[in-house]
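As a starting point, one isolated chain is supplied in structure tokens, in the form predicted alone.
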Amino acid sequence: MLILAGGLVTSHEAGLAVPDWPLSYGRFFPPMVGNIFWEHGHRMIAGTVGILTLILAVWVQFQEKRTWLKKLAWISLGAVLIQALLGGLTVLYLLPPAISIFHACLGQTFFCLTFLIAEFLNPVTAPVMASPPESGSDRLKPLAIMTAGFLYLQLVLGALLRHTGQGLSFHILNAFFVGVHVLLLTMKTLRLFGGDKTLPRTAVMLGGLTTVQFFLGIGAFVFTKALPRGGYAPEAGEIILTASHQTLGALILATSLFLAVKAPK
């Protein structure tokens, strides 16, 4: 929800609808009119996520024995605090591209951290790792990690394009590499782990989401680059497609990380 809310702020061009931070027009709750609704609504969701992350981090310290998982919980809390600071700096310094891009990338990084923490805390699936069924499965993890790497690069390029309008050709080129790696990863997972439901099901989901993402990307390109804007404000089609494209990208990245973690070494 927070990633979607952030995407809607950018798509509505509402990043400076509230000119001050951490308060909004000097208030905790300003009138939710116009683009203030999107900007302050984003802040409210972010504050809720920050509180939940603090509760999670403290809870993990008391309930979890694995030291590395305790550290990961603190890292996620640190990430969301830095993310809040970056969000404030984007407003105070009038949306500088470097900070905005860092803010976008760290937001999805934080999402992936919480996704992995949830998976590691899952009492049903956390201990279950896929077993190599045959020769060749040892190359699945490197392929999964490489796929996640291309997806993260695509996130960076997407943030660059979204906040500066530059890098479209690199974004399209890397989308090709993402598509190829997702296809290879899906086919290899299905071939090696056809009898195991978890990995093949996740791989098929990754392929399906990436296919939808491809068409959302085309739609976003048409509305933002090919068609002239009808007025000053962005149109509904542009808002829906760009925000959906960004949000689905986060889910695809997290899904690829799941495969990278669960794949056998």
Partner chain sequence: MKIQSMFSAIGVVVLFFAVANPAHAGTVSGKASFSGTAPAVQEIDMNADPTCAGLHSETVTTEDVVVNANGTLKNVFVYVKQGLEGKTFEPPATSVKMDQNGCQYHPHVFGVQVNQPFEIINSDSTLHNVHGMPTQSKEFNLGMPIQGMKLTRKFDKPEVMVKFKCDVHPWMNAYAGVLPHPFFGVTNEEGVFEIKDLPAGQYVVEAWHEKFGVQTQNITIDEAGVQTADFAFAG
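Residue numbers count along the first chain shown, from 1. All values derive from a computational prediction rather than experimental measurement.
Absent from the display: the form predicted together with its partner chain. The rest refers to it.
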Worksheet item: At 4.5 angstroms, heavy atoms only, are Tyr25, Pro31 and Gly230 all close to its partner chain in the model of the complex?
Response: yes
Worksheet item: Of the options Thr211, Asn35, Thr198, Gln61, which one has a non-hydrogen atom that comes within 4.5 Å of its partner chain in the model of the complex?
Response: Asn35
Worksheet item: Out of the stretches listed (46-54, 62-70, 199-207, 231-239), which one is close to its partner chain in the model of the complex, meaning heavy atoms within 4.5 Å?
Response: 231-239
Worksheet item: Should Leu94 be counted as a contact of its partner chain in the model of the complex, where contact means heavy atoms within 4.5 Å?
Response: yes
Discussion item. So in the model of the complex, is its partner chain close enough to Ala17 to count as touching (4.5 Å, heavy atoms)?
Written reply: yes
